[in-house]
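Subsequent text provides structure tokens for two forms of one protein chain, presented individually as structure 1 and structure 2.
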Structure 1
Amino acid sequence: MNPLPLSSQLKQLLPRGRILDSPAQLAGYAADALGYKSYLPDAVVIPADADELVGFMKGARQLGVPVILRGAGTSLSGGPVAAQGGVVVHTSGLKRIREINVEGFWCEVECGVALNDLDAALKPHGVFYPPDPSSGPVCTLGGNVASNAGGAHCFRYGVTSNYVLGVEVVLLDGSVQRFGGPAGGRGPWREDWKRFMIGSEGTLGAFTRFWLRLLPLPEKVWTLRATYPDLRSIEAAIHALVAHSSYPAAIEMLDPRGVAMVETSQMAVGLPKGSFMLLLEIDGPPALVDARVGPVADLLRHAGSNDVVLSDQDAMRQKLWKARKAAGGLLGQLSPDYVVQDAVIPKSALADVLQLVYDEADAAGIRAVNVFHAGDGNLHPNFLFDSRVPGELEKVELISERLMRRVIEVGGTLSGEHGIGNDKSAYMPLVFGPDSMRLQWAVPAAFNPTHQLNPLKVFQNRRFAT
């Protein structure tokens, strides 16, 4: 073990980057988007660039403390927090888009690039990167890859893992590994090891850069929204849409409390009070989508909506999506804190599980707001509470556990996109039996045998032992 104090060791590892270690510098890094859960790190480092991150990782083993990677800190599962203390590595200095290869439909980006910055850079080239988590203005590709982020348009386009061609990662043994590259993404696992990296939640290594697959921008988009009086009719609409040959790019749902939240905010779009809203999009060649939009609107009406609005105008599209994507933030106008679950369920159980959410929350006197990726069955019940009121968090945790048990009964799973972090690790044994857990454990044990990287995440007792 190195006898020097931590800050001196860090200075040796990061001659150009920044080292933060006074209490007020650590406070900003104590939480992710679950702001009420606080874990002070011992230090924070901000490497100046990719080379410095590599240099830091090469010497990090000697530090003898946990190492936690952090992108923009928008995780909703306690991913980038120092649950066992240690050094948080903030990747904000690695924000170069290194190459956009339009002919090859790929790009090479550093891990700290913000998702929407990449979108803006790609747009003039007529290409796009489909995964679109609602945190796009700020979340980083490093965080996206580490949590295998999803988003509204992932219903048709698929999640982050479908678009990662290659990952460069530094392991704690100091080796820089490159899994895949511009031509990656196929073959037996020897060729496609990067799949271990995607969704690894900072437990295997530090990503420095990625090669990402791009698609041509759709020529035309129709955005539709329909409102429904009750859960059963909106559920019928979702089933009909999923089975329809138009295959929408996105199928999103807001429940009446979500609708009320939007309508009383600066994002109001004129939705009827008390309604359930469905927001969807079809995209493709103009002739095709123009032919399809009528039947889709009919389908929405047939399922029970007498309020279907459709538009092919970009301004309307932006407005509707802005309201949908700001929903997580809008919750702040209702309540100081919230917990959001991320379970995925078979769509046949949608109405049943949502009813359970309402019943349990009402019985406990907790408000629940549902805004989620309905096409994928990826629920996001938000339970609102005030962490300053004793007992409220415990109530929410109890409801969450009951919900998870029901999710598993209907054949669902724990997390669709937010990751496990330390917020959902307690539910892991509910979903996975001991044999499955043993196999899963073998992966961090191979790449990060001492569990120095992001300990106490994913598995409750995965602890770094010096």
Structure 2
Amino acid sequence: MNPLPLSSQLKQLLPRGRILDSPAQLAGYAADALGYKSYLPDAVVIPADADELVGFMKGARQLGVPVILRGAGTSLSGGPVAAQGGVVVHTSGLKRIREINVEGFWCEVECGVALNDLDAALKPHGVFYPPDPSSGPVCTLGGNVASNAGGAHCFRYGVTSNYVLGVEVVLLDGSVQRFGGPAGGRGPWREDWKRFMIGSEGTLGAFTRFWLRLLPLPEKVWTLRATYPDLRSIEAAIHALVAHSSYPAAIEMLDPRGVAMVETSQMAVGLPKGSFMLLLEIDGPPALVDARVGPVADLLRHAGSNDVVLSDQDAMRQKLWKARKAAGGLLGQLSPDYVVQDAVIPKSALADVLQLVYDEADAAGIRAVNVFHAGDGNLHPNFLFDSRVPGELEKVELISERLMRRVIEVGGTLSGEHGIGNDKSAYMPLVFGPDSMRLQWAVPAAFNPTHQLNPLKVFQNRRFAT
């Protein structure tokens, strides 16, 4: 163990300007977007590039404290926070788009690249990277890969793991490893172990760059919005859309409480009060989607909607998306604290589980708003509360536990895209038995035997011990 103070050790690994240690500086890294779970780190380091990150990782073991990797901090599971103290490594400096290979439909990017910046760089080349979490303007690809992020269009296109061809990662011994690559793990790209890394939530190593699969931009997109008077009718519409040959790219839902929240704000778009809103897109060759849009609109009406609006014009399409995109930001204006849960259920259980959310929240006096990816059953119930009021946090945690138990009972699972972090680690035994847990524990133990990287995440008792 190095006898020097932590600050002195860090100055041996990185230039002085890359180290933050004042209370005011550290406060900005105490929580992620989950907000109410706050842990002040002992220090923050901001490597300027991959070489500085490698240099830091080579000396990380001797620091004798946990090491936590962090991108933009937009995660919603309590992932990139110093739950056991230690050093937060902010990777925002690694933000180069190294190569866009249009002929091979792949790109090479560093972990600190913001998602929307990548989209903007790809668009002139006629290609795109499909995963699109709502925090796209600021969230980084490193965080997306660490949590296996999804987004509105993952119903058709899939989540991050479907698009990661290769990962470069710095292990705790300072070695740089490449798993996969443009050749899909063949040739000079070494072992294709990237699946271990995707969704690893900072427990195995520090990402430096990725090779990502791209797709051609859709030639045409239609966006449709419909409102429904009750949960059963919108559920019928969702089931019909999932089975329809149009194969929508996105199927999003906003409940009446979310609609009321939007319509009483400056972001109002004229939705009927008390309604459920369904938003969807179909894309593809113009002749094909133009032929399909009429039958899809008829399907929405047949399910019980008298309010179907559709457009293939970009400006109008953005207006149709406005209510869905505004919902997340408005939550923060309505409540000092809120929890956005993340679970996946069979669509056949949609009405049942949503009713549980309403019943449990109403009984506890907690406001609940549902806005989520309905096509693939990825629920995001939002619980609004004030952690300063005694007992409110405990009520939310009890509702979350009951929700997760019901999710597992109906055949669902704990996370679709946010990850486990320290918010849902206690629920892991609800899904996995002792043998499975032991096997999963063995993976981070192999890469990171002392659990120095991001302890107290994913597995509740996974602690760093010097």
Partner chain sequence: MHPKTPLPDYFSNCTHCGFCLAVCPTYKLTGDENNSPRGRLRLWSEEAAGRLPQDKWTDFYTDECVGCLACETACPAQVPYGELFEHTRHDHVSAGRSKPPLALRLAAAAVARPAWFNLALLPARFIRSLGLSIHRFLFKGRPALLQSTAAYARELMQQHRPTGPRVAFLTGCLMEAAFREINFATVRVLIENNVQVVIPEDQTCCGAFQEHSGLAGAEPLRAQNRRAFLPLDVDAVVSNSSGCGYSLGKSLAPERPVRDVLAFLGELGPVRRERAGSRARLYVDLPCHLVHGQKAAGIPQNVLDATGYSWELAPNARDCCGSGGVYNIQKPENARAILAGKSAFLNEAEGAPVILGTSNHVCMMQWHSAGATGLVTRPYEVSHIIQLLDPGAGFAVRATAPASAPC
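We call the rigid core the largest set of C-alpha positions that still match within 1.5 Å between the two forms. Owing to the predicted nature of the structure, the values given are computational and were not obtained by experimental measurement. Here, a residue number simply tells you its place in the sequence of structure 1, counted from 1.
S.K.: Of structures 1 and 2, select the one representing the form predicted together with its partner chain.
M.R.: Structure 1, which is the form predicted together with its partner chain, differs in this respect from structure 2.
S.K.: Quick one: once the rigid core is lined up, does N306 have its C-alpha move by 2 Å or more between structures 1 and 2?
M.R.: No; that C-alpha moves by less than 2 Å between structures 1 and 2.
S.K.: With both forms fitted on the core, check whether the Cα of M267 differs by 2 Å or more between structures 1 and 2.
M.R.: M267: C-alpha displaced by 2 Å or more between structures 1 and 2.
S.K.: Core-aligned, does G17 move its Cα 2 Å or more between structures 1 and 2?
M.R.: Comparing forms between structures 1 and 2, the G17 CA shifts at least 2 Å.
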